[in-house]
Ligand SMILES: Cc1cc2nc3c(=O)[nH]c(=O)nc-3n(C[C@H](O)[C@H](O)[C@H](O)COP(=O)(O)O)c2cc1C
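Let's start with one chain on its own, the form predicted on its own, as structure tokens.
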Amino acid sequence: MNDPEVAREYHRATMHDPSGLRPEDPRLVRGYRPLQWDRKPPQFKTYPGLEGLPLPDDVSHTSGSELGMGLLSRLLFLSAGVVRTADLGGEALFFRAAGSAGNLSPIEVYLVTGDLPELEAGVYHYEPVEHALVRLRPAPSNTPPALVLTGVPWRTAWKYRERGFRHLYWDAGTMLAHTLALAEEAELAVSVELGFVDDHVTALVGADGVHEFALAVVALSGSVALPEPEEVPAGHLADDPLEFPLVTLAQRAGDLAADEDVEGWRRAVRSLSGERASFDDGPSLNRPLDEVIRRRGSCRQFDPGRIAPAEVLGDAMAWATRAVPGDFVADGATLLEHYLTVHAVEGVGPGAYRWRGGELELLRAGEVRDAAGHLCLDQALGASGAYTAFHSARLEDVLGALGSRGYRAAQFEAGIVEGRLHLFAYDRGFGATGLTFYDREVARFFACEAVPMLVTAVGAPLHAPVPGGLPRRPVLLRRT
């Protein structure tokens, strides 16, 4: 299918507008009130009656380790595991290692693998609370190891309505920013694959294609060869999930039905000319990666009076905008353009900028805090940090070349950049948060053709987050 017009329609129908008006679309669910607490979906998928295989508690880095239970434990816990928890009157609220908009955790993670040291070949579901793998079915012994990320739209649309489709790919990208950094450290030849036969991958992990569908496949050894689907046990997502037809349509509009469709889509990716990504031989993190990830959290307040060192902007952007190893961008390229409002960075005057080729280009000098706050849905966090980065894409170019699946890819890559900026900021003692925005207002302000996919604000947190805990021992944040 991969019809670009559906993505255009979806994007228009889910824009935020300062007037509060949105384009009318009969496929929008009418009368639904977000945050209906009596219908709040569970945070994670579970398999009642199936016993999990506990992963090792030790998630520290050991150099030269092969892919086995130890490295899998580190990859999964520091990407998708539970590091903090809160007791809300007897109900547990879990916080994962990677950020999630509204802490709604709409991403599920599966492992598909052949035989590994101490692990039998199979299709597994990762249980983040128990830090365990639940085996759903066998797999051929020579299956290359891969992760499959799925999205549960009801879990995020419960708060964000139809716009939650964007959040699925943002959250998947943010999570994979951790996975990619961990894999790079372990010298794994990873590749993020967004080109696949959707029905095949969705059925492989037992998703239904409506209330849960496949978002990405991550090869952990450089190649993907997924086994044929077989029946797997049914997991529990929610007692009463609500379908948002426009979300279902937007996802299906980008589906690829056969291997030849996948190859055609990848050829289109390779032919798409775009911006060059940052070079890989740039800055790096200073602290151990597991320490940085456990320190990470979404800031709720920035200190507007604290000036950030230049590296918290320049080095952070260079590290975050490196090329992603995968099939959805040409080698060394990116689908994105990055625009910034700078407020308090050493050696950089306040104003509006574009990040291109590893350098800042001044677009307009002068104080822009108020404008930035307005662009970010009138949220103070957009104005009070050191700078705010608007990760944007020339959507017409992307959709024209890659169809509606290109919309997924642009949102996904923006999530990766946002996740990387979080890690770099926390490594340098600062903080970050992801923000939503007024779609058209951002492009108007920067006078550009690219439209925003996601926004990251970086600054000095007024209150540093409590460092996260270890597997099965998350930090308790508060009691009520």
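Note that the structure is predicted; figures quoted are calculated from it, not measured. One rule holds for the numbers: they count along the sequence shown, beginning at 1.
Quick note: we don't show the form predicted together with this ligand, though the next part is all about it.
Although the partner is absent from this view, D427 stays clear of this ligand in the predicted complex, with no non-hydrogen atom inside 4.5 angstroms. Residue contact check for F95: one or more of its heavy atoms lie within 4.5 Å of this ligand in the predicted complex. Using a 4.5 angstroms limit between non-hydrogen atoms, I416 is distant from this ligand in the predicted complex. Within this chain, N103 lines the site of this ligand in the predicted complex, having a heavy atom no more than 4.5 Å away.
Between this ligand and the residues R300, R287, R267, R306, the one pair within 4.5 Å by heavy atoms in the predicted complex involves R300. Contact annotation: of the candidates G406, P153, G195, G99, the single residue with a non-hydrogen atom within 4.5 angstroms of this ligand in the predicted complex is G99. Screening 393 to 401, 125 to 133, 376 to 384, 353 to 361 for residues having heavy atoms within 4.5 Å of this ligand in the predicted complex returns a single hit, 376 to 384.
Along 329 to 363, no residue reaches a heavy atom to within 4.5 Å of this ligand in the predicted complex.
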